[in-house]
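Form predicted alone, single chain, as structure tokens, below.
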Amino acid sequence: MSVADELLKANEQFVKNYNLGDLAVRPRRRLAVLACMDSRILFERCLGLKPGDAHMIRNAGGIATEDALRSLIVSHHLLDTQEFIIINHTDCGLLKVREDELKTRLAKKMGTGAGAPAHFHAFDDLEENVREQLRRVKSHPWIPKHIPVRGFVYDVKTGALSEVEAA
């Protein structure tokens, strides 16, 4: 049985006790979280969030890419979120590679280059990466200046969050 088949079986059980159909489309806590896709981190649990509390936007590295910014803009302007947080984490895979080396490795492995993605957004300084994402979000002209945007580092060994001050 494939993993997808296992997930479908799990979904059959989930549906039997499903009781979230009446949740509002707008997040109850008026919060959007941009975070890494790392499978070790259950942000809903570490932040004490429940279904319907917040928008969760996840990608490799917790990067404020064009698509992540699109999601934050939609979250605020169409669904009334009033606060954003950005979370990166220790032991991130993008901390362990260099952009040029990753592209070279992939081209060699696959036998061809590729135009997209143009950037993987690898980084070597975790806190500075959080600051860069804060700058990207705060400087976007469609994200109002009154929206609080805060950044954090999640420690995968302890579960603790530490705030990163914007530069």
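Don't overthink the numbering: it's just position in the shown sequence, from 1. Just so we're on the same page, rigid core means the largest C-alpha set that superposes within 1.5 Å between forms. Since this is a predicted model, take the numbers as computed values, not measurements.
Note that the form predicted together with a further copy of the same chain isn't included here; everything after this is about it.
Proximity of Ile147 to a further copy of the same chain in the model of the complex falls outside the 4.5 Å heavy atom cutoff. Not displayed here, a further copy of the same chain is kept clear of Lys138 by more than 4.5 Å at the level of heavy atoms in the model of the complex.
a further copy of the same chain in the model of the complex is approached by Arg29, whose closest heavy atom lies within 4.5 angstroms of it. In the model of the complex, Asp67 approaches a further copy of the same chain with a heavy atom inside 4.5 Å. Along 97-133, residues Val97, Leu102, Lys103, Leu106, Ala107, Lys109, Met110, Thr112, Gly113, Ala114, Gly115, Ala116, Pro117, His119, Phe120, His121 each place a heavy atom within 4.5 Å of a further copy of the same chain in the model of the complex. Core-superposed comparison between this form and the one not shown: the Cα of Leu20 travels 2 Å or more.
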